[in-house]
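Just the one chain here, laid out as structure tokens, in the form predicted alone.
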């Protein structure tokens, strides 16, 4: 069961102390408190864990300090959508809103190679009105002999250049808990010119100890990529690992499934699951067309397969696009064959906007037909 307390309730107040004392006295019930500090108000959630079937929702709702009480299903207890649960499906970071109603493009280098290419990428993003990017400092590779990233050495100049060009959020994969400390140190050492969204890649989707550690820190939001060889349910439970440890600022990423059914693409595109994840959980959803397609191939109409895959995700309601670009793809140290060029960035962004507008038109159409059929209309942002 989930109790949502009145906004801005003071943990030192008598009402709060009496409420927690009462809940702690319930037999065979574990009490877990989560507090989220927003820009305008703080939100406190209290989870009652155990056999809550005999606990009356009416009694819980009538307790002082309780605004709403929701009976939580077993699946995806923290992140899931539950009956009567109308909590927001968004979070704010670095002045940027991430939600199931927003869309952000994270175009950038799959792997950081040198300051020149980082600056060229940042400048191109700034000139095209972008405030987010992807930059890989740590790169897990299949072969131990492949380039595995510059690591902490490149972080200072990446962060400084991001600040120089007004980039607010960098999606950056981490593979070990020490990487979190290195990111924090580099950010603080450069004066916090930007922000980082920690990325847990598909290979670490079921690295449960890493999930717990990343979940316990709440400074950085997390982009969690679906495991390439496991079910969607298993991947969503991995997201619950993060959330159950305290970090609810999670974006769920779809990056294609590893199967030869998807050939000649690198992976089988799974972007039809965008609305599924949004239905089952309150997480924003990211699509990664670069790692789904894997090559700079195009159809007879001249549109790149990567752009087609992107449009599929966006028109299905994706809230974030993670895509590889590089000033000189042939010289990229990682995944050059799938990277788009900086000259293609305006085309890509305009194509994304067309797909987003199509999604919004579909939403308005669905809303019109629901209203005609007498069903509750949804609010379209």
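Residue numbers count along the first chain shown, from 1. Just so it is clear, the structure is predicted and the values come from calculations on it, not from any experiment.
What comes next is about the form predicted in complex with phosphoenolpyruvate (PEP), which is not displayed.
- Taking the partner from elsewhere, no residue among 35, 77 and 248 has a non-hydrogen atom within 4.5 angstroms of phosphoenolpyruvate (PEP) in the predicted complex.
- Though the partner is left out of this view, residue 113 does not reach within 4.5 Å of phosphoenolpyruvate (PEP) in the predicted complex, counting heavy atoms only.
- By the criterion of a heavy atom within 4.5 Å, residue 321 is excluded from the residues contacting phosphoenolpyruvate (PEP) in the predicted complex.
- Contact between residue 305 and phosphoenolpyruvate (PEP) in the predicted complex is not found at the 4.5 Å heavy atom cutoff.
- Among heavy atoms of residue 179, none comes within 4.5 Å of phosphoenolpyruvate (PEP) in the predicted complex.
- This chain is drawn without phosphoenolpyruvate (PEP); in the predicted complex, the residue among 104, 282, 273, 139 with a heavy atom within 4.5 Å of it is 139.
- For the candidate set 201, 215, 221, 294, a heavy atom within 4.5 Å of phosphoenolpyruvate (PEP) in the predicted complex is found for exactly one residue, namely 201.
- Picking from 89 to 97, 152 to 160, 230 to 238, 285 to 293 the stretch near phosphoenolpyruvate (PEP) in the predicted complex, with a 4.5 Å limit on heavy atoms, gives 285 to 293.
- Taking a 4.5 Å heavy atom cutoff to phosphoenolpyruvate (PEP) in the predicted complex, the one contacting residue in 150 to 176 is 173.
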